[in-house]
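Single chain ahead, written as structure tokens, the form predicted on its own.
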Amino acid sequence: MRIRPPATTLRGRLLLSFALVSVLAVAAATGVTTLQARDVVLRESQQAAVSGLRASVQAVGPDLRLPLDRAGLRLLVSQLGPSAGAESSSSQATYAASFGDELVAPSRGPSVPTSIRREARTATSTLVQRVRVDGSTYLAVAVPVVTRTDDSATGVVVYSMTSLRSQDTVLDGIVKASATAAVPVVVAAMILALLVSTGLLRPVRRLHAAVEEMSNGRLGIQVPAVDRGELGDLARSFNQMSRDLHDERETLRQMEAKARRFAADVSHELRTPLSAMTAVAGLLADEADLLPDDIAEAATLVAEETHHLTRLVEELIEISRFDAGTAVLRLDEINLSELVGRSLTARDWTARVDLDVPHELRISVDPRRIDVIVANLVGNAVRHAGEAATIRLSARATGADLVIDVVDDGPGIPSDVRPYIFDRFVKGDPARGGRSEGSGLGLSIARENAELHGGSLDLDEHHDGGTRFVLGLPDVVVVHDD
């Protein structure tokens, strides 16, 4: 079974989609929660810092005697700070005060930002600003001291710098808690995705298995169509297609069987009259020298065509035996060299073929069928390789196995014909030379005879400069212990 990357499978995509959606949902919820919590925490801290500083200003404001010198500013700063009932956050703050350009601030702690000082000089209301100092966040608050009569600026500004470290710690805790809570959510989403994908993919797996069964020839296979959705429609469509293909195959089989029976019946019916015609045509051809030229030529032509028709009928009858499964082997132990010699002599091909067959080689085969194979392979070379071509038949034994090569150096078989050369009624290209006298059944019958022996007959696709057929017959070589 081929292992695919998870992202290429439907289950993997579903799991990844669920995981991505759950992570995005958790991240969005965590972000919104964190922002809202941060806003609440900072707003409360800001309110506490502002209210605390304002309370201090209200407490010391009436006692101020303007203008303030540096000593007065120090006294004012010392009076600032948490009072009774002030917010606890004020304990984390440092204070400063300014009058004009004079600023008094503690020697330790964050300094007051220049920007808020510059803006506070002319302001009459409270200013608030968050700043980063040495990696820490501080809340800078500036409260201008105004007159009681008309709320005009007195030039005195008090400042507080409140550390937000505790608030940052709280916010970090919220983020970490949200991230921790996201883990079980993602795991639950993955489990849910696994359950959903299992249910969704079950009918897909059934369809996949059914398609593989069909590819192995089991047409008509059906799958359950229990789903009421798209997968159910797909299953019903598949079942209908499978039934249609099965019915069409059965129809084609019946038509093919009828055609084969028709060809076999016709061939058998033609055999008897063809025998008589062959005898009469042969007699006329033998007496052609005694006939007028035009009649002699016609008699010779009739004899040749009758011979071809007889051969075609015999080959059709042979093919019908293979199709019906009635072809049987009649094994006999023979000398291969003598068998091949008789086959070539009977057809007057001895002078055309170079033989390389060991004289002592004996095999156990059906002699008639081996003769048919040799006659078809050599006859094919004689007809198509050309008069000047060299034809060679060689045999060699490898243990109990026999290999026979029939090779010619003719023009060869065209590449577009080679894949179909063993199909029925396929003839070689006229470029292989001369008029084709075969029926197109010879090589098909030769391969059927080879396979009936448990062997094979193939065309050497890689042979250059002609044609090479290779006949392989296993366990036919007779080996005597003496």
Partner chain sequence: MSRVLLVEDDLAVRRAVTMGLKRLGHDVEAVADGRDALDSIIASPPDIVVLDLMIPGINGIEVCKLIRARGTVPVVILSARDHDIDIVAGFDAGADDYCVKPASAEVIDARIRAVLRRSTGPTTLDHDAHPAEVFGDLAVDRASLRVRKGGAEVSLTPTELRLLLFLSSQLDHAFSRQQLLEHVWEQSYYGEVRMVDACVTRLRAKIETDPRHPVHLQTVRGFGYRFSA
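Numbering follows the first chain given and starts at 1. Worth saying up front: this structure is predicted, and the values here are computed from it rather than measured.
Not pictured, yet referred to below: the form predicted in complex with its partner chain.
Undergrad: Though only this chain appears here, would Thr310 touch its partner chain in the model of the complex if you measure heavy atom gaps against 4.5 Å?
TA: Although its partner chain is absent here, Thr310 would touch it in the model of the complex, with heavy atoms inside 4.5 Å.
Undergrad: Is there a non-hydrogen atom of Ala153 within 4.5 angstroms of a non-hydrogen atom of its partner chain in the model of the complex?
TA: Residue-level check for Ala153: no, no contact with its partner chain.
Undergrad: Is there any non-hydrogen atom of Ala388 lying within 4.5 Å of its partner chain in the model of the complex?
TA: Ala388: no, not in contact with its partner chain in the model of the complex.
Undergrad: Indicate whether Arg330 is a 4.5 Å heavy atom neighbour of its partner chain in the model of the complex.
TA: Arg330: contacts its partner chain in the model of the complex.
Undergrad: Kindly indicate whether Ala279, Gly282 and Glu314 are, all three, within 4.5 angstroms of its partner chain in the model of the complex, using heavy atoms.
TA: Yes: Ala279, Gly282 and Glu314 each sit within 4.5 Å of its partner chain in the model of the complex.
Undergrad: Under a 4.5 angstroms heavy atom criterion, identify the one residue in Asp356, Glu304, Glu338, Glu212 near its partner chain in the model of the complex.
TA: Checked against the cut-off, the match is Glu338.
Undergrad: So its partner chain isn't shown here. In the model of the complex, which residue out of Asp168, Glu287, Glu119, Glu102 has a non-hydrogen atom within 4.5 Å of it?
TA: Among Asp168, Glu287, Glu119, Glu102, a heavy atom within 4.5 Å of its partner chain in the model of the complex occurs only for Glu287.
Undergrad: Quick check for you: of 181 to 189, 266 to 274, 224 to 232, 400 to 408, which stretch puts a non-hydrogen atom within 4.5 Å of its partner chain in the model of the complex?
TA: Contact-bearing stretch, as computed: 266 to 274.
Undergrad: Pull the contact list for 360 to 386: residues with a heavy atom within 4.5 Å of its partner chain in the model of the complex, in sequence order.
TA: Sequence-ordered list: Arg362, Pro367, Arg368, Asp371.
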